[in-house]
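Next comes just one chain, in structure tokens: the form predicted alone.
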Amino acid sequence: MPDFDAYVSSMEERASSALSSTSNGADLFGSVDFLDGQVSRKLREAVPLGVRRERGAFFTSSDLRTAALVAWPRAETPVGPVLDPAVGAGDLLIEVAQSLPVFSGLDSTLDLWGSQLHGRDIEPSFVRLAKARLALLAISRGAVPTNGRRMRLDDLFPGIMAGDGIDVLNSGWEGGHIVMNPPFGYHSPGFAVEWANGRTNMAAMFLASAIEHSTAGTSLTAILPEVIRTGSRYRRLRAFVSERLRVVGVESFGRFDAWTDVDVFTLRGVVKEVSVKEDSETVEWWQRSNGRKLGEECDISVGSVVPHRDEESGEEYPFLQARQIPLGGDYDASQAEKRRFTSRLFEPPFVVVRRTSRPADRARGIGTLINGADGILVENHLLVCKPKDGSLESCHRAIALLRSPKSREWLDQRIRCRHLTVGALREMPWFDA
């Protein structure tokens, strides 16, 4: 990332110059844009999106870091060592440092901050940038050099260094706090986990490692992709978190930022003592509903055909594909393309819902009535709602429920990732018309 490295070097030069000045921070800075949007903007300008995705390089905005650390102690007193295992450009540590004391002497201020703030990142340039920004933050808050002591940026914040944050977490963090916005990319774990098979979200690995290996009483604040909160694939991880973390807050935030099409939530809690038996606690990952639900009236499942993977064999049947059926209304399956496949067939009438969507998407949750042919194949990009009584009237009632504004609002709160799940539709309340 040569273009971004040039920006990092300019920030280091700015910090080094400020470290040797005897002026008050308020006189040195006309603005403090280096604490927020400037860094993310420079990264977007210098590094292609594909590279940023591969490296998990997405910096935390001030709005998101404030929302995540809303319960952080605001009194200017040390709260114990704080680790960010995916420190990036230091955004979360900057938010923490806003609450740390500032002395009249810059050296004593940075000595204290250096003992409190710890971080790792696999990108050395990010570590350099985090240190420069933290030093500039201390100066902007009014600390000035004293006693003629010359400070080198490389010597500051010894606990923030290049390295793999997962390794630090797995070795056991004995500090008081962990804050993190880990990478969201998918990789195969380099160690055995009980809650996942194959490739999994890196954020899930950071979360599990932080909880499993940290000492009891460690507080955790994490920014995580919504798929961990509501995705069916992470059901066992949520159970693990509920068992090992005393959860004090689960809050949806919305999109990560205006340039990143991923919804996130914040998780706050305290690591439990494993050897001490504690009463089981129910974690409210989402708002539960009482009363009758869609899953009590309909059998809900995922279409059984995976296009481009499943071999075509056996008899030929009409094949429903999400891209070929209308959004809402009725569809006669006898008009559909035919396909050979030995798999589960669905008998009409039934309702299909597109799986792929995002919150507030116009197509989200809209049902299409399927009738016509007797045996129908359905691709896995569709969810099938088959009334338990098999009636056309029940199909129409289900479609009306799915179309209602209350259902759309509920669905957007229940599952804010890009794929609807069987579990989410089963739990949908049967709102009165």
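Sequential numbering from 1, following the sequence displayed. These numbers come from a predicted model, not from an experiment.
The form predicted together with a small molecule is left out here; the points below concern that form.
Q: Taking 4.5 angstroms as the heavy atom distance cut-off, pick the stretch from 208 to 216, 353 to 361, 225 to 233, 123 to 131 that is near the small molecule in the model of the complex.
A: Within 4.5 Å of the partner lies stretch 123 to 131.
Q: Check each of 114, 349, 163, 176 and return the one that places a heavy atom within 4.5 angstroms of the small molecule in the model of the complex.
A: Result of the distance check: 163.
Q: Just to be sure I understand the contacts: of 320, 135, 264, 92, which is the one whose heavy atoms reach within 4.5 angstroms of the small molecule in the model of the complex?
A: In short, 92.
Q: Any of the heavy atoms of residue 387 lying within 4.5 Å of the small molecule in the model of the complex?
A: No, residue 387 is distant from the partner.
Q: Although the partner isn't part of this model, could you tell me whether residue 85 comes within 4.5 Å of the small molecule in the model of the complex, counting any heavy atom of the residue?
A: Close contact exists here: in the model of the complex, residue 85 approaches the small molecule to within 4.5 Å, heavy atoms only.
Q: May I ask you to state whether residue 34 is within 4.5 Å of the small molecule in the model of the complex, using heavy atom distances?
A: Because no heavy atom of residue 34 falls inside 4.5 Å of the small molecule in the model of the complex, the answer is no.
Q: Might residue 97 be said to contact the small molecule in the model of the complex, defining contact as any heavy atom within 4.5 Å?
A: Although the small molecule is absent here, residue 97 would stay clear of it in the model of the complex, with no heavy atoms inside 4.5 Å.
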